[in-house]
Every structure is written in C-alpha cells, then in structure tokens.
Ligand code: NAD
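A single chain comes next, written as structure tokens; it is the form predicted on its own.
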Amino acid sequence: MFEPLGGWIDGRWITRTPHGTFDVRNPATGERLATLPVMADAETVAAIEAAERAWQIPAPLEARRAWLEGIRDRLLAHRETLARTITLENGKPLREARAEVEYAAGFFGFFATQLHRLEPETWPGPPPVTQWTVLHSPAGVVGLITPWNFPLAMLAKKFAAALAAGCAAVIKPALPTPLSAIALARLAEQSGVPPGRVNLLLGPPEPIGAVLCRHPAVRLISFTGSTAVGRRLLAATAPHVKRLALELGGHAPFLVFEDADLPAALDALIANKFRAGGQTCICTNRVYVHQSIAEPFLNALAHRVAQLRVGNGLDPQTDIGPLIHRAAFDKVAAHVRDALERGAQRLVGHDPPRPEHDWGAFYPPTVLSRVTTDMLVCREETFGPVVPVATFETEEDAIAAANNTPYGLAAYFFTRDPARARRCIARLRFGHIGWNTGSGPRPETPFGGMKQSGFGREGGWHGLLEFCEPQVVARAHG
C-alpha cells in the first residue's frame, strides 16, 4: 500500500537522488526495513516552490473538509498496517502503535469539524468605516519537522491543522522513522490532496533544515524536538522574521500527596511513565511522594514495575520495547549510574550490557529511591524507563520541587482535596497539567509548553489558528 518508498514533491515520488541513500532499521533487531534516498538543497527548494504554487490556489473549506475526512478514514481503515509500520521503525509495542494510529486519525477528524472558525468575521463600525472584517488567511508555506518517538501522531497534529488552514506543507520526518510519514503522504494523495499541498523530504536534518529556515517562501516552521535544536531554529530564522511553533523538551514532575488514591496514582504512573519506553516529552521524569506514604507507595511501585516485560514490540507480551538507538541507552545508563553514585537506591532494575550496535538497546525498567536534587535524573530529561522517587514534607516543598526546572511542558499531581488542587494548578508552571490522571493531550485540546519547553499550541481550535494569519479589512461605502 505504501510503495514506492521515497520522498514526495509536487505530486511525484522521488526514489533516487544524486546524494546517496540511507537505511531505516528496526531498533529491536537491526533488520533493514528500507533504503531511502537522501535529499538536500535542490530537493528542498523544489518542494518549497511546489508548495508556494499550490497554496496560492484557493481551497474552499468544503474541499479541505473532504481531504481531512478522507485521510482520517484511510488511517483507520489501515490501522493494523500502519501500527506495524510504527512498531518496526520505532520499536514501541504494537498495542501502543495502534493507539497512535487512532490518535493521529483524531486530529484529522477534529479539524474537519473546526473549519467554521475560519469563516470571515464582520461587524459594523462608525463612519467613515462602515464594516470591519477579519479574515483568517493561510500562513502560506509551512515547514513541519517531526520527531521519532511518535512518528505518525506528531506529524498528524501538525499536518492536519496546516491542511485545514489552507497551507501547503513541506515535511521533514526524523531520520530513524520516515516510513510513517511516507505512509501518510500516500494516504493524502489517495484522499485527493492536490500536488504541492504536501511535500515530503527525507534524509539528515541538514541541509534541509537550513533551507527551510532561510527560504523566503517558508513563513512558519513547526518543530517538535529538543530545546537545543529549538534554540538553533530561533537563531537561524531570526534574520528572516519567520514564525515558529516549538514543542521542546520536558521534565515532568509527578506529585503524590498524602491523601491521594494510591492505586489510581500507581496505575497512572505506570501507564504514563513507560509509554514508548519513557521516550516521550510528557512522560513523568521525577516523582515526589509525601514522606508519610513513601514506603507503601515504593513497595507497590517496585512490585508493579518488576512485572513489566522488555522485548520486541511485535511480541504481544512486550510492555517496553527498545530505546531508539545506542546513544539513548548511554544517556539512560549514565543517569542511573550518577544517581547510584550519589546515594540513590535501586529497587528494581540492573545494569544491562551496552549494545554492540546502534540497535538492540534494551534497558530494563528501573525504580530509584532516595533521590536528591543534585542527581542528573532530577536535573535533566532522562528519556528512558527510569522512575526516580524523592519525598517531600509540605505542599510548598512539592510545588517548589516541581517548578525547579527551566522546562514547563507537563506535570501531574494526585490529591483528593479540591482546594489543594486549585492551589497546585495556579502555581505549577506547565502547559499541560493532570489532576488525578497521567493522561496526555487530546486532539480537542491545545497542547504546548511554557518556559524553555517552547511556545505555540497544537490541537484544539487554537492549533488551527497557529497556521493562520489574521487580516483585517476596513470598508467604507461610497
């Protein structure tokens, strides 16, 4: 269904370039899944020029609705094939991959219901202006740069909003996981999206990213990834005064107060922390438990985590797949080693052998207690299946510890006290907050970060307006 395997520019599949090829491998086994063409400056310019031509042909709202609904329906119809593709290139368990396909489809379905928000708004004014009109015009050509941890969903939330707004997209998926993006481009083609409205570039970040940053036709870049790369995008686009929407790093706290429902908190923590093997920007990175309940909480947590199975995501018994590559393994191992050297206690887990290759990076789920703020697990985003647990005495201590980070993407807290919940929500500086839940964002709600976790929102009708330029028309009769 997803053949041929290549880039997609102006309605043509590009399977060969003069820049060589790269391999896509299964991170669990090292199996070569595909050999794809490397794209560079010339292909990026061609994609941008195709998008510039395409978006200037007005697309009625009804046409956009048909495209969005067509892609949604095709995503759901091919759920199993798409889920297997995600698992093969990313490594996550197949049941998580199925949920990702459904999540991705939700963005296309949701934005198809929000197109009425783009209708012109008018109201009368005093003479000499007798009518004011606000138009929500497409931003134009947009660059969409997506990560490897949710290769289909992260692209869907950007592309669905851009398509709904009337933009034309130039997509750059992460190097390890381009197959999901190829599949989505194929489904867009099958849904009648005209040539040039969606273009797909494959290969290393450079020089594609550099061209997107400097080309005058690209008016907005939406990026999900590390804060370090986000800073580079800010610097590269500043001379060209481009708009950016940045979802950057996270360092999510998980607070468990003394009145919490412990079984519910444990269920939420397990589901939240180990999704995608802990390789998500909104998964819990540090747990703070009230000292009065720390012992029963840790005992129950250790028992639950010890039952989790690590393995190939295609195995239905697998709970945690491989880390994406050896560098990710090295970072997780370094964080655990640092914590142990500084006095942490490992309740669950062990030191696994370092993988010989850039695949097979399986790291066992790990629980650390006696964690302190000087440890790397409390200062940096681990991005792996490690649960560091610290204790606190007062609500004030818990809030201060949670906010003690330059990042502000997601936070979670558990309490039965509504008054305490209101205080926590008012003081936690995070864009997404879970009260008695570890749930992440939905297509219907805006998602994004505060502080160094970026700016801009994806999802919700707010995410649609990110891809629009308001134009005000003042009309005088005469």
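Bear in mind that the values here come from a model prediction, so they are computed numbers and not experimental data. In this text, residue numbers run from 1 along the sequence as written.
Unshown form predicted together with this ligand; subsequent notes refer to it.
- Every member of the trio 145, 233 and 248 reaches this ligand in the predicted complex with some non-hydrogen atom inside 4.5 Å.
- The stretch that touches this ligand in the predicted complex, counting heavy atoms within 4.5 Å, is 217 to 225, out of 217 to 225, 351 to 359, 300 to 308, 73 to 81.
- Scanning 174, 112, 200, 193 against this ligand in the predicted complex with a 4.5 Å heavy atom cut-off leaves one residue, 174.
- Comment: this ligand is not present in this chain, but in the predicted complex one of 97, 289, 320, 281 has a heavy atom within 4.5 Å of it, namely 281.
- Taking the partner from elsewhere, residue 447 is found to have a heavy atom lying within 4.5 Å of this ligand in the predicted complex.
- In the predicted complex, no heavy atom of residue 89 sits within 4.5 Å of this ligand.
- When contacts are judged by a 4.5 Å heavy atom cut-off, residue 154 counts as touching this ligand in the predicted complex.
- Using a 4.5 angstroms limit between non-hydrogen atoms, residue 295 is distant from this ligand in the predicted complex.
- Residue 409 is the only one in 393 to 409 with at least one heavy atom within 4.5 Å of this ligand in the predicted complex.
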